[in-house]
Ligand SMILES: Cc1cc2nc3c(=O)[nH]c(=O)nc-3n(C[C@H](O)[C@H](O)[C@H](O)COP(=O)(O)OP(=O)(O)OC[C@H]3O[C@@H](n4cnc5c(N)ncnc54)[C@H](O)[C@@H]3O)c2cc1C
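Only one chain is included here, represented as structure tokens and corresponding to the form predicted alone.
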């Protein structure tokens, strides 16, 4: 087994046997198989191991990380599943993740913009409408006021996202930002999407802030993201490497779970016996390895929708970047990119000295692209948006992930409830963004792993093998 290499070339071996110094001897009377070595699976493994339980992590890739992986190319380091930041409303979770990060973290202030034409518009958009040309500011303000008045008159809110946008924000904001941006990212007709996911995900400025913004009084929204953390080196993967450091001997790299079956009250994973199984792999992939799933559950899982993502690293010959964290690109003429991250502003160590690195994100409903024509289209769009000159580009490199965003279509709740119930009926727990098809960030994944670990530890202490109950 090859050792795992960090972004800066230092090697951290992942032993396949033996106990690491300081680790408790595992309680082999209860064995748990964890499918997937991303942040959810490794956090769960870490907590179970710290409680003295025996775990084995099956990871199909040659290294850990999952959606939190980073890529290193000739001195450039970027995150393969788009621009990640570390923040959380749960301080114990945030503190734990920062403390685990290999090499430590930088603390940064969020400075986020939306690029509309040649304007930098404050984020969230409703808090920045005063940065638009006056006619657009007027259209956004009037639409917002009219929408607010209409809501106060009563009536049920639309149940599809497309109609909800106008209902909530009005015609101006819908036309200039919300509709084109969300069409770019979701690659799904907005009328075919539900609204169950919008709370906490779509900023919702009070009407007073929107009026203030329109007349030039700066207001702030989404303040829980105002301070965030990012690893000093190695990309976001440094967090996962730190979490996984305590369970290296339990992680089986390049070892996918190929079959999961019941055997009485226990389970066979690739023919090996375990008392409990927790799956963090995407539900459609789990269905391929679980022959005992019933037909109704398979049908529900197969109909779940998601988008894929291509992350394009664009290295620049200079580091003369604007002082922003990330920006949104809603307009078609800005190319296929919906968001870019100024990654060098997170950490100067992601690029060679004197160079800058930005990361462009492009979603797709089908197979993600990485070909040369696609990369040129991305770069040309960013040049057209006025973000840099074509001659500034020193390198481009792309990575693609199949599962990036959960698409909350109109029958999502029915499908996901049936899917999770069918998996739970086998006695198997599920965890993670696509293990449960939840729109969660890394801190949510850690928090949920903590909660599940507590349940499994409590059951093990009572003397019985854990049973699925999520």
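Positions refer to the first chain, counted from 1. Computed from a predicted model, the values in this text were never measured in an experiment.
We do not show the form predicted together with the ligand, though everything after this point is about it.
None of the heavy atoms of residue 56 is located within 4.5 Å of the ligand in the model of the complex.
The ligand is not shown here, and in the model of the complex it never comes within 4.5 Å of any heavy atom of residue 177.
When contacts are judged by a 4.5 Å heavy atom cut-off, residue 337 does not count as touching the ligand in the model of the complex.
Proximity of residue 309 to the ligand in the model of the complex: non-hydrogen atoms within 4.5 Å are present. For the candidate spot formed by 234, 352 and 394, no residue has a non-hydrogen atom within 4.5 angstroms of the ligand in the model of the complex.
Here the chain stands by itself, but in the model of the complex one stretch of 364-372, 279-287, 296-304, 154-162, 279-287, has heavy atoms within 4.5 Å of the ligand. Exactly one listed residue, out of 60, 51, 418, 407, brings a non-hydrogen atom to within 4.5 Å of the ligand in the model of the complex: 60. None of 214, 257, 193, 398 but one reaches within 4.5 angstroms of the ligand in the model of the complex through a heavy atom, and that residue is 257. Residues of 424-459 placing a heavy atom within 4.5 Å of the ligand in the model of the complex, in sequence order: 432, 433, 440, 441, 442, 443, 445.
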